[in-house]
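Here's a solo chain for you in C-alpha cells, the form predicted on its own.
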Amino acid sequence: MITPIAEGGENNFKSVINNESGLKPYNGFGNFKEKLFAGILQNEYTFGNFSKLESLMIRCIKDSIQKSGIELNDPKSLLILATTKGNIDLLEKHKETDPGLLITELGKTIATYFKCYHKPLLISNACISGLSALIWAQRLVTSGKYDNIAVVAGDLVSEFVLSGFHSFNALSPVECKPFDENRNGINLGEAVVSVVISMNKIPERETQSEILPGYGSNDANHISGPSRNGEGLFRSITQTLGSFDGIPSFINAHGTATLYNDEMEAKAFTRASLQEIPVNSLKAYYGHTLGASALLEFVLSDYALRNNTLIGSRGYHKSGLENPLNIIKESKSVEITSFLKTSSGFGGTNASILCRKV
C-alpha cells in the first residue's frame, strides 16, 4: 500500500488510529486553478519507462507476491487490475495519442513485467472498481479456478478528474466531513494498494481473515447522482448478508461527504436494519481515491478486524442525516468478529462484501 500518509498496510493503519490525515491544501493543481484539499503522493515513484501509476502498481504487486510467495507466471495464479481512469494524467503531458491511456495497455504493461501466465482481468467500474475486483477474486478462488489471485487497485489525482468533479460542484475547499451536518463535498486523493487472495492460510498470522461472497447492484438511477432511496446499495447489502449468520461488528461505508451520497447510504443501511451498527468513513484520511478507495479501505478495515480496533470517522462531529447512523467518532479497542464493506459510484454502481475472523 502506497498512500500520502505512509507506505505499507501496518504503517497506514497505525497512522489512521492516531488520527493522521494525508490531506493538504493546494492553491490549484496544474491548469486547475481552484483551491482544494487533496491527498497527493509527494515522492517520485516512477522508474524506467513506466508511468507513475504503472510504477506504483508494479511496486505494490511485487511487495504482495514476495510476501505471499506466489508467482504470477503460475497457471493457477491470476492478476486482477482495478482502476477508474488509469493513466489519465498522460493527457496533461500532451500525450493524447499515447496507447498507455487505454486501460488495456496498462494491463498489458503490468502483465508483461511480471510475465503473467494469464491475461489480467481488468475492472473499471467507476468508484466500486476495487471492491468489484475483490468480489471477483473471492469467487474465482473459492470456485477452485485459481489458487491465488493478486489484486491491485490504483488511481491518481489529475486535472481531468479534478475538473470533472468541479463541474458537479462536488469538491470541498476544506477537509471533507463524511456524514457530518456541515459536509459540503469530497476531497480527491491518490493511492495504490495490492493484496493476494488465496485459499492458503498465512502460517505466521495468529488471526486469519475470510472473505465471504460479495455482490454488486446497479440501480441505473443517474449518470452521477446516487439513488435517493438507496435501492441499489440496499439490494447489494441484502444479498451479501443473506448467507451470513449474525450481524457485522462494524460497517466501513463509502462516505464521500457529499450531501447525496451520505444520505443515500444512510437510507440503505436503515432499510437493511443496520442503523445501530458502528459505521465509519476513511475519506477524511485519504480523500476519495476513486477505483482504489474500496480496496484501500477494505485492507485497513481488515487490520481493524484483526487488531480489535474501530477506526474513528475523521471529520465527523454532528449528524447531518435524515436517517441517523451510529458513526464512530474516535478510534477505540473493542472485540470485533466481522465487518461489512460498502462502496458506491457513478452510473448507479453499488457493491458490498463481508469479512470475518476464522
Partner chain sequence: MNHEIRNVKIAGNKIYVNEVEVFALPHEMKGDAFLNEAFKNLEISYPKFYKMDNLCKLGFLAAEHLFITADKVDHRNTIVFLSNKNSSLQTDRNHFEKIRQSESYFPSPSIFVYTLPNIVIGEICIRHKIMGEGAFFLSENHNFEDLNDILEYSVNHLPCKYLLYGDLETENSEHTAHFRLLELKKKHH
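This is a predicted model, so every value here is computed, not measured. Numbering follows the first chain given and starts at 1.
There is another form of the same protein, the form predicted together with the partner chain; it is not shown, and what comes next is about it.
Contact with the partner chain in the model of the complex, defined as any heavy atom within 4.5 Å, is confined among 165-173, 241-249, 273-281, 194-202 to 165-173. Contact check for L91, E159 and Y215: all three have a heavy atom within 4.5 Å of the partner chain in the model of the complex. Put simply, E105 is close to the partner chain in the model of the complex: some heavy atom of it is within 4.5 Å. Within 4.5 Å of some heavy atom of the partner chain in the model of the complex lies at least one heavy atom of T349.
In the model of the complex, the partner chain lies within 4.5 Å of some heavy atom of E231. Contact check for K76: no non-hydrogen atom falls within 4.5 Å of the partner chain in the model of the complex. Contact annotation for 293-310: no residue has a non-hydrogen atom within 4.5 angstroms of the partner chain in the model of the complex.
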